[in-house]
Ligand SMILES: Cc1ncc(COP(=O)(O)O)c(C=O)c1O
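The chain below stands alone and is given as structure tokens, in the form predicted on its own.
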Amino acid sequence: MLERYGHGGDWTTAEERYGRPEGGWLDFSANMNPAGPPESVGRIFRDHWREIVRYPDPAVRGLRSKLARTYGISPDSILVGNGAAELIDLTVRGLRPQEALLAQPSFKEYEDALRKEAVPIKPHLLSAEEGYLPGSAAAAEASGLSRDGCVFLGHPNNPTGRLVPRRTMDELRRSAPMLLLDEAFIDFVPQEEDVSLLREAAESERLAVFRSMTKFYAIPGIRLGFMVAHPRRIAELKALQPPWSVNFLAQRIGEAVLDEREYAARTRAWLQEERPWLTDRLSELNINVCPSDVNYLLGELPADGGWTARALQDYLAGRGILLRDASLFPGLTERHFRMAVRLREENERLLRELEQAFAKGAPAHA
């Protein structure tokens, strides 16, 4: 299967499975900014590549200081890592929770990190009827956790793209012994400052927030993320982190992209126009699309069409397009897929291929 390692954007596996050269894909399976990296990223490679002869700063002081100024928090409340996934794994190892409430469907790394430490998982399935949003029932379950329990939640969630409503968030913050909040895609939300809990996490013993810098700035190959928590928690986790976890170029790039305000504004303006347009076009094909707050969409293929997400993925891959089979997410069906919102010309190409696929009908083995 294409999601051999549990993620989208795996071009090497796609090449092995479908026989197309690695660079020949139009990738809707990974949720990156289709504008590509900002110009400052290229300048960092051009102007600073010779500096890799020395070790990177093990304390990541430059980037932590800049993040602190950007978000109005203390540098001591920030830990930078080799992607948000490293920090999620590190936090579970450091917390050693006795049990965890996990809202599903959700990002695979939460469950993986918990299972590595043999943490008992209490799944809380989000329902399509309620828009895949957690509600008071999730808060009630969180209040029943042991004192050393934790709650994992995506905000916005992956693969649904939904922000957690403020009322629910307030209930969870009151009821959860420890709330671990993944804000990897929140940069795409225009009202980011109003919905993010970064500042609250910097002062709370019961809240930690994870952020990615790779999705919004289209630099997943660099691996860069950070987390915000109480300084005491950050110091404990830093002691567990391998030295030089964040390489020199990643640190430099992280500092540079924080100044890319025009790039950020263009991205959010593009998404506000493109996402509803693409949602409407998919709905015209009888695809049920979950309302999204970010740069990806969860779709459900029509029940009477005969197509499964896996069959559609194989069909589109034969035409050079990668789509994420979302049936692997707990709580979703074989007809669910996830796709990034890309540029208009690319979205139009996908829509044409979907129309042709549905006109031909599903293969017999679908």
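Residue indices: 1-based, along the sequence shown. Computed from a predicted structure; not experimentally measured.
Note that the form predicted in complex with the ligand isn't included here; everything after this is about it.
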{"item": "Position in contact with the ligand when the complex is considered in the predicted bound form, options 246, 142, 227, 184, heavy atoms within 4.5 Å", "value": "184"}
{"item": "Listed residue that, although the ligand is not shown, lies within 4.5 Å of it in the predicted bound form (heavy atoms), from 104, 241, 175, 212", "value": "212"}
{"item": "The ligand contact in the predicted bound form: residue 188, any heavy atom under 4.5 Å", "value": "no"}
{"item": "Close approach of residue 83 to the ligand in the predicted bound form, 4.5 Å, heavy atom", "value": "yes"}
{"item": "The ligand contact at residue 158 in the predicted bound form, heavy atom, 4.5 Å", "value": "yes"}
{"item": "The ligand contact at residue 162 in the predicted bound form, heavy atom, 4.5 Å", "value": "no"}
{"item": "In the predicted bound form, segment of 254-262, 121-129, 214-222, 67-75 with a heavy atom within 4.5 Å of the ligand", "value": "214-222"}
{"item": "Residues within stretch 86-125 having a non-hydrogen atom within 4.5 Å of the ligand in the predicted bound form", "value": "88, 107, 110"}
